[in-house]
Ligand code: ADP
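The chain that follows stands alone, in the form predicted alone, written as structure tokens.
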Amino acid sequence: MPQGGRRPPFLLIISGPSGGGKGTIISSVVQNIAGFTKVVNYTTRDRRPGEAEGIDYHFVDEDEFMRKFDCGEIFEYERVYDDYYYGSPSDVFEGLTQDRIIELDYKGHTKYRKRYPDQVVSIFLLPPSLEELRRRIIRRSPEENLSARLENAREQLRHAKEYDYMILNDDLANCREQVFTTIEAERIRRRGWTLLRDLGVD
């Protein structure tokens, strides 16, 4: 734990199926809650309209992606829908002085949880129904592989119970409020760790 009365920062992992609202929630946390920075992942897919390099993702080709993994710059990765690679940077916990938030699938969540059990808090965003999820996917990217995305969604949902929290995203304002409340509760809990340490209790 950090010294000087500061509570230990944590990494907030946000997961959920494609079209589940992960990006919207992450942006809302970064914009509205002080002391949060976003971890920018790597991907080999093309930029979608409105996305920006270094903000939404680091967009690289497959050769550059694998070079970064081989030299240790990427900690873990997955090939999603049998086409594009997504990976997280290895320096997430370097110089960690404030809370960070990252989007991962359940496999990435498992790897981070295993390596950093005391520094990870995780939320899985649940869709109101698979049919609504299907509509969201079509609205966002109708040209992409719908059947693969729906099958991946089912696979993601099978692992939702492995997370610290499951939050239903049927109404954005309500979902956002529950995420904000969860963050504040975690910050209170970790301040308690610091108070115990200051009292000389390990």
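Position 1 is the first residue in the sequence shown; the rest follow in order. These numbers were taken from a predicted model, which means no experiment stands behind them.
Although not depicted, the form predicted in complex with the named molecule is the subject of the following passage.
Participant: Counting any non-hydrogen atom inside 4.5 Å, which residue from 63, 171, 53, 70 sits next to the named molecule in the predicted bound form?
Facilitator: It is 171 that has a heavy atom within 4.5 Å of the partner.
Participant: Of 47, 140, 38, 134, which residue is found within 4.5 angstroms of the named molecule in the predicted bound form when only non-hydrogen atoms are counted?
Facilitator: None of the other options qualify; the answer is 140.
Participant: Verify the contact flag for residue 9: yes if a non-hydrogen atom of it lies within 4.5 Å of a non-hydrogen atom of the named molecule in the predicted bound form, no if not.
Facilitator: It does not: once the named molecule is placed as it appears in the predicted bound form, residue 9 has no heavy atom within 4.5 Å of it.
Participant: Does any part of residue 22 reach within 4.5 Å of the named molecule in the predicted bound form? Heavy atoms only, please.
Facilitator: Output for residue 22 is yes: heavy atoms within 4.5 Å of the named molecule.
Participant: My question is simply whether residue 178 lines the interface with the named molecule in the predicted bound form - judged by any non-hydrogen atom within 4.5 Å.
Facilitator: Residue 178: no contact with the named molecule in the predicted bound form.
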